[in-house]
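Shown here is one chain on its own, the form predicted alone, set out as structure tokens.
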């Protein structure tokens, strides 16, 4: 272990937790710093496609997640007004046989708690908000809001859309408000029994300018979750989310199918979040600093692949450090960027366009991807431009 550089991961979200777990597993002296004062079970759901479950397998939590999550047989897309099917994308056994792992939906907080539990708890630090980072050439010095300082050989910025590491590399620049908001709510499935309606395990309701994605977030199917995409010209709240209401939901989805109306009727609390993006960044790393996830490619959640890209980033970054040798970190970081830029940019673009699985299509390029097995491309072999 002493022959490997010390690494600091800034941010213990899903990408940061994956990076920390894989680095510690590979024998790197790694500390993870999280600005939140403690872990909390945030009320949201998440899709874990086979491409992500292969990383969970490497971390050692695939079996627990398979038990914890819901296993939809299909991703259905329906016309929001008429209920007609627009696509039926097979998952379930088809995903396991054709993509090499299960497709599950799960509570984001339960996933996060499980991932954080895999970290070396003695090297996981909460209430550590980074306020400055100084790459001194031979070491990186980090200063936190509580006045403490730490040093590491390499620093990974997994600190989200408002990343301090990104600001250090590229200067201060606010993310782009996409003009869309997401409403999020978890419903007790018990309430839905009062309705003579079909509440499918994974379904997206669409109309021309908005949608509602709905799925179970527990294996026992006791919690049903929805997340929307709704146009809203401005976000003037100055906060990361605000409370919404049944009344606002009814107005946003007026005329939608009775199943959607039932979900709104059963909603007790609902929040509203701005959807933020950035254009593909020209720089993902500089000397001893490197970015992953929302710090370098935040995207709308419309493909259910935002967290997946951060987790894939983490796995590819560790793979490249191992491939090149971490003491040649500049070469390793450029190899990492080369092998993530096109894929992340493509997912970012499709998420922005909100076309994913709206009609029948082959999702194998996403779900069949294996970050550990895909052939590595040399940096000079890849264009700097986005592929789409």
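Positions refer to the first chain, counted from 1. All of these numbers come straight from a predicted model, not from anything done at the bench.
As for the form predicted in complex with a small molecule, it is not shown, yet the points below apply to it.
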query: Proximity to the small molecule in the predicted bound form (heavy atom, within 4.5 Å), stretch among 317-325, 334-342, 354-362, 45-53; finding: 45-53
query: Selected contact from 89, 182, 101, 119, since only one has a non-hydrogen atom within 4.5 angstroms of the small molecule in the predicted bound form; finding: 182
query: Among the candidates 217, 263, 169, 310, the residue which, in the predicted bound form, approaches the small molecule to within 4.5 Å (heavy atoms); finding: 310
query: The small molecule contact in the predicted bound form: residue 164, any heavy atom under 4.5 Å; finding: yes
query: Interface membership of residue 305, the small molecule in the predicted bound form, 4.5 Å heavy atom rule; finding: yes
query: Distance check, residue 368 to the small molecule in the predicted bound form, heavy atom within 4.5 Å; finding: no
query: The small molecule contact at residue 155 in the predicted bound form, heavy atom, 4.5 Å; finding: no
